[in-house]
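Below, in structure tokens: the form predicted alone, a single chain.
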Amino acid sequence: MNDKLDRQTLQKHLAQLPLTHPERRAAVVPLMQSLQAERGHLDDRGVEEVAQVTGLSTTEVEELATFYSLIYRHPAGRHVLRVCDSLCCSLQGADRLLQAAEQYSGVSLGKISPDGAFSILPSICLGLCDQAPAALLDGEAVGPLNEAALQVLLRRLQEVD
């Protein structure tokens, strides 16, 4: 589905609603996700656009954007590996996975590879405790992971890019 088209449809729908209508507030996250899919992250201009469409203040949109860990306020790589570092995953070796991911990819946590292909981020609880240690790779759940499986995943991504 085309994120820009979906966003435009949503914007038209919201424009017909009163500024205080609850649907406007409910549209914030889908609008942020759409802009992020299009631009790679939610930039300041995107925060302003969401605020304008929903009738919220830019501060309220910023608060929501920084609350949701899957909304990126800064540029990220084309492929994002989010390794869960909650208690359950940590007990199963998430810390070693994060170190291994840095080593195999050559990318430091929270940074972007020089070619723009990868970002590796620690993530507080992905809700995948039954797959610990787990991660999200480009939004898809992967786990349980070990260092060898992680290396295979990262190698596949390098071959694709």
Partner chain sequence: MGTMRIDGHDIPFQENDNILKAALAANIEIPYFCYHAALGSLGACRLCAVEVASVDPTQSPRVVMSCLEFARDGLNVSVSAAAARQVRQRVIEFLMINHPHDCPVCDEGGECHLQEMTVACGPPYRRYRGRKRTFTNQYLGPLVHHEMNRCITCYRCTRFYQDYALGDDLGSMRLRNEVYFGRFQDGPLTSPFAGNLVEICPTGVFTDAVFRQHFARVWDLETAPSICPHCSVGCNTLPGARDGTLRRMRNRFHPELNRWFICDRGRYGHQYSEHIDRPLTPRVRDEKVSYREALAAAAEQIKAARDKTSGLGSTREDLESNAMLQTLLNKLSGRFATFSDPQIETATVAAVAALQSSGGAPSLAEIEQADAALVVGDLTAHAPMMDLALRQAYRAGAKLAILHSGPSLLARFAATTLTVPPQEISAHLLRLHEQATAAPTAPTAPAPSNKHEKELADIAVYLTAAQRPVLIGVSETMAVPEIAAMVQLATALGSRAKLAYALPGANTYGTILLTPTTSTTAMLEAIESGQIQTLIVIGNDPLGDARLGTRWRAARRHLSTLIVLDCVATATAEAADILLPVAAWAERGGTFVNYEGRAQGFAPVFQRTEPLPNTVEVLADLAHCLELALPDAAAVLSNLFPGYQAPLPGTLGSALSAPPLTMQTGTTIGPASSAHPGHWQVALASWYGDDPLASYAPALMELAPAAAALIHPTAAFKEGIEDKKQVRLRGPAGTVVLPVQLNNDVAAGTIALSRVTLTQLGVGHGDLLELEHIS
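Quick caveat: nothing in here was measured; it's all calculated off a predicted structure. Residue numbers count along the first chain shown, from 1.
Same protein, other form: the form predicted together with the partner chain, not shown, and the subject of what follows.
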| task | Tell me the stretch among 45-53, 29-37, 127-135, 100-108 that has any heavy atom within 4.5 angstroms of the partner chain in the predicted bound form. | result | 45-53
| said: Is Ser113 near the partner chain? Define near as a heavy atom within 4.5 Å, in the predicted bound form. | reply: no
| message | How about Asp95 - does it come within 4.5 Å of the partner chain in the predicted bound form, if we only consider non-hydrogen atoms? | response | no
| Any non-hydrogen atom of Arg78 within 4.5 angstroms of the partner chain in the predicted bound form | no
| Neighbours of the partner chain in the predicted bound form among 61-75 [non-hydrogen atom within 4.5 angstroms] | Glu62, Glu63, Thr66, Phe67, Ser69, Arg73
